[in-house]
Each structure stands twice: as structure tokens, then as C-alpha cells.
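Okay, here we've got a single chain as C-alpha cells, the form predicted alone, with questions on binding and movement later.
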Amino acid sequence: MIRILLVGALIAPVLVNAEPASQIAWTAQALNQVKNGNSAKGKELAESCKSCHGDQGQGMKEETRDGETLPAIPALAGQVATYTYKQLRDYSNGSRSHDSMTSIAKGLSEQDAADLAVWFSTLKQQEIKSNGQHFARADKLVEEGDGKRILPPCFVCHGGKGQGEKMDIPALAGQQGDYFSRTLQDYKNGSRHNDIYSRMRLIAQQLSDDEIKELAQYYQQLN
């Protein structure tokens, strides 16, 4: 009941006038397509993903080469299959855009997207060694939220261990911190807008830049 009330309070202001942020509808047919995705076929398709997302779907951290900053690339290993599927279809349908991923996703069928999503979900999440640092603000946001800002605790949707939920809510544990930060900043400034009912945009807009950085570090080291 608490979860329903918190999420309801968060999305209520935008229910009346919200436009679809994604063309994905989680019908029984769509859910079954992902559930029955062919991981063996997904493994074959994922060969072309290794150069960016790593040989084990671990992603890549932000780095600088020859004076040029290369953005972080997300980890896909252990990601919730329905979430990966939705992102691929959103890229294909134009609900989300990226210089490389848009063209890649347009070349994938719905079945290809399901197969890839299932394959990546079977891989073990990367383990990033903790430096022992305590993230007090992040810990409070994850466990308690902030009632004054109508921020529900992160665990309500993403799980107590950052494992995500089966209905396309992403796993956060082990995610590349630089990518995590950039994602929340994109939600915050509105450049990313494929979150249903503006849920993450509303949350990110309430977070300070320092809170975003700390949450990114918190989840990156959560295994």
C-alpha cells in the first residue's frame, strides 16, 4: 500500500495531460515475447555489441583519449530483460535517441530485441570493488526518500539490492557510475524523456547534482 501511495503521489500531477513517452505497451503478448526470447540467438547477435558494451556486457567507464572525453557506456549484464527490450524498441521507434543506438536498434526486429534482452539478463553483473566509502545522502534517499520533496525511496521501485523489477524497471547495482550520472542529468534537463508518466524526470528534477553523483557511486559499488 505504501508503495502504491508513493508512486501515485509522484505521477498524479502529470496523469491528466501526459503524452505517451514510449510506444511500448506491456500486453500479455509483449511480455511473453520477451519471456520466451532465445538467449542462444541473443548471444550471436551480441557479438556486434562487444566493442562498446564489453565482452561480458560490463560496459565502459568514461575515459579521456588524446584529449577527447569518451562517454561511459552502460553495463547490460544482469539487466532486467523487459527494460533492455523497451530501450531497444524506444530507440527504434524514436522515443529515445542516440547517435549510434538509434541506427543499430532500427536494424533489429522485435524478436531480435527480445533475444538480446534475454541474453544480457543471463550474464553476471559486474562486481566493482568497494572503496569502503559511506554515502550517507544516497543511503537516505535509497532507504527513506524525502517526504518534503515528495521523493519516494529508491528501493520502492528498484529493489533493496538495486536489482530492478520485472516490469521494465532497471537494475542499478553495478552500473557504470558515469553513465548513471549522465542518465539522471538527462532526465533532469529533459533531454531523455522515454520514462512512463515522467516518473524519472520528476524525481531527477528534485535531486541536486551532488546527490546524483553520490547515488551513482552508491549503486556502482552495490553488488
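Numbering starts at 1 and follows the sequence shown. Because the structure is predicted, anything quoted here is derived from the model rather than measured.
Just so it is clear, the following notes concern the form predicted together with a small molecule, a form of the same protein that is not shown.
Residue 74: heavy atom within 4.5 Å of the small molecule in the predicted bound form? Within the cut-off, so yes.
Next item on the list: Consider residue 34 of the chain shown here, and say whether it contacts the small molecule in the predicted bound form, taking contact as heavy atoms within 4.5 Å.
Entry: Outside the cut-off, so no.
The small molecule contact at residue 178 in the predicted bound form, heavy atom, 4.5 Å: No, residue 178 is distant from the partner.
Look up in the predicted bound form whether residue 62 has a non-hydrogen atom within 4.5 angstroms of the small molecule, and give yes or no.
The answer is no: residue 62 has no heavy atom within 4.5 Å of the small molecule.
Item to complete: Work out which of 189, 48, 69, 29 lies within 4.5 Å of the small molecule in the predicted bound form, going by heavy atoms.
Response: Contact with the small molecule in the predicted bound form is made by 48 alone.
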